[in-house]
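Only one chain is included here, represented as structure tokens and corresponding to the form predicted on its own.
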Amino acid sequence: MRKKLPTYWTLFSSAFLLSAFTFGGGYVIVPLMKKKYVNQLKWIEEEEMLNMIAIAQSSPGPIAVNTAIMVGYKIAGVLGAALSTIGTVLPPLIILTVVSFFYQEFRDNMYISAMLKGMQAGVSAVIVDVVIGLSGNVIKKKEIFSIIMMITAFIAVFFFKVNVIIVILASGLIGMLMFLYRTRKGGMNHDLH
């Protein structure tokens, strides 16, 4: 697949619009980024996008900003990373600045309170969509080990209340060990031929 060369403006405006209309945290922007960069613009393959998201969520900082940095760098180098990051950070900065000036009025306004409660329900639905989409991609690969890891991580977090950081670090370590094992096993099989 031949990639179209993106313009810096397309990269910046895409990141800006995604961030401006995403409410509810970093996990809400994940399916929107996938739709924009993988499905619409076709700048990134789906598996590579999932890898970027995995790295972004296991790195310090907000997942949306971390993913924006990696997507921008992949598409247009250092300048692309900078533009994508600025596009992602600017909308919340503007919104929070406006809200901070009118905080008292926003806090006491029953219409805004009702609107925010409704948005919470919508955000919950989007997060469920992200979970189903990401887990569906793991299941599609039909790698039993990855499916077992996913189910184990889910049980550890939701039933045994294991800290998410520990689950992410343990999953990363297990993934690295599996990669080394497969590489070594593949090398030994290659030597036998």
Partner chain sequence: MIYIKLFISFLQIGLFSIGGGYAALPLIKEQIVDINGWLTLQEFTDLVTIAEMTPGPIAINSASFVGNQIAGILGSIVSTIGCVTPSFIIVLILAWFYFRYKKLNIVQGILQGIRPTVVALIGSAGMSILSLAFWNTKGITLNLEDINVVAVILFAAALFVLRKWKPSPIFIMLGTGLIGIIVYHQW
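Positions refer to the first chain, counted from 1. The model shown is predicted, which means the values in this text are computed figures rather than measured ones. Between two forms, the rigid core is the largest collection of C-alphas that superpose within 1.5 Å.
What comes next is about the form predicted together with its partner chain, which does not appear here.
Colleague: Looking at the partner-bound form in the predicted complex, is V38 within 4.5 Å of its partner chain by any heavy atom?
Modeller: No, V38 sits far enough from its partner chain in the predicted complex that none of its heavy atoms falls within 4.5 Å.
Colleague: Should S171 be classed as touching its partner chain in the predicted complex when contacts are defined as heavy atoms within 4.5 Å?
Modeller: Yes, S171 lies within 4.5 Å of its partner chain in the predicted complex.
Colleague: Would F179 count as touching its partner chain in the predicted complex under a 4.5 Å heavy atom rule?
Modeller: So F179 counts as contacting its partner chain.
Colleague: At 4.5 Å between heavy atoms, is F21 in contact with its partner chain in the predicted complex?
Modeller: Within the cut-off, so yes.
Colleague: What residues, if any, in 81-118 have a non-hydrogen atom within 4.5 angstroms of its partner chain in the predicted complex?
Modeller: Result: A81, A82, T85, V89, P92, L93, I95, L96, T97, V99, S100, F101, Y103, F106, R107, M110, Y111, I112, A114, M115, L116, K117, G118.
Colleague: Determine whether the C-alpha of V123 shifts by 2 Å or more between the shown form and the other one once the rigid core is superposed.
Modeller: Yes, shifts by 2 Å or more.
Colleague: Using the core for the fit, does the CA position of T97 change by 2 Å or more between the shown form and the other one?
Modeller: T97: C-alpha displaced by less than 2 Å between the shown form and the other one.
Colleague: Against the rigid core, is the Cα displacement of M178 between the shown form and the other one at least 2 Å?
Modeller: Passes the 2 Å threshold, so yes.
Colleague: Based on a C-alpha change of 3 angstroms or more, tell me if D129 and G61 lie closer or farther in the predicted complex than in the shown form.
Modeller: The answer is farther, because the C-alphas of D129 and G61 separate from each other in the predicted complex by 3 Å or more.
Colleague: Since the Cα-Cα distance for K140 and M52 shifts by 3 angstroms or more in the predicted complex, is it a contraction (closer) or an expansion (farther)?
Modeller: Farther is correct, given that in the predicted complex the C-alpha spacing of K140 to M52 is increased by at least 3 Å.
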